[in-house]
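So this first bit is one chain, no partners, the form predicted on its own, shown in structure tokens.
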């Protein structure tokens, strides 16, 4: 394997963090909807926790994208 192919594989693996974030956010949203359906009076605190968790998951996905782009562009430069 050449160095370029190893970099491409590493970038692809780093880009997969977006899939994990998407699955995580979808599971959290589903559980939040269930929780609000069971206890409507707690909707405010559930929504706050959901948004905080979703923001952290998206940040992880963005970090993975940045790492993938850095890997690709460092090899090209």
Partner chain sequence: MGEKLTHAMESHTAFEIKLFGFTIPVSDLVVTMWIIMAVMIILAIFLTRNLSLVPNKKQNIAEIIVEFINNLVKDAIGPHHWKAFAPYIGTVLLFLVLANTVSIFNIIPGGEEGFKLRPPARNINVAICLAIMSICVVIYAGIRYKGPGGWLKSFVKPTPVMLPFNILDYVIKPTSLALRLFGNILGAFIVMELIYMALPIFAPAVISLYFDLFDGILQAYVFSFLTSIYISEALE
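Everything quoted here is computed from the prediction, not taken from an experiment. Numbering follows the first chain given and starts at 1.
Beyond the structure shown, there is the form predicted in complex with the partner chain, which is absent from this document and is the topic of what follows.
- By the criterion of a heavy atom within 4.5 Å, residue 51 is counted among the residues contacting the partner chain in the predicted complex.
- In the predicted complex, the partner chain lies within 4.5 Å of some heavy atom of residue 63.
- Using a 4.5 Å cutoff between non-hydrogen atoms, residue 23 does not count as a contact of the partner chain in the predicted complex.
- When contacts are judged by a 4.5 Å heavy atom cut-off, residue 19 does not count as touching the partner chain in the predicted complex.
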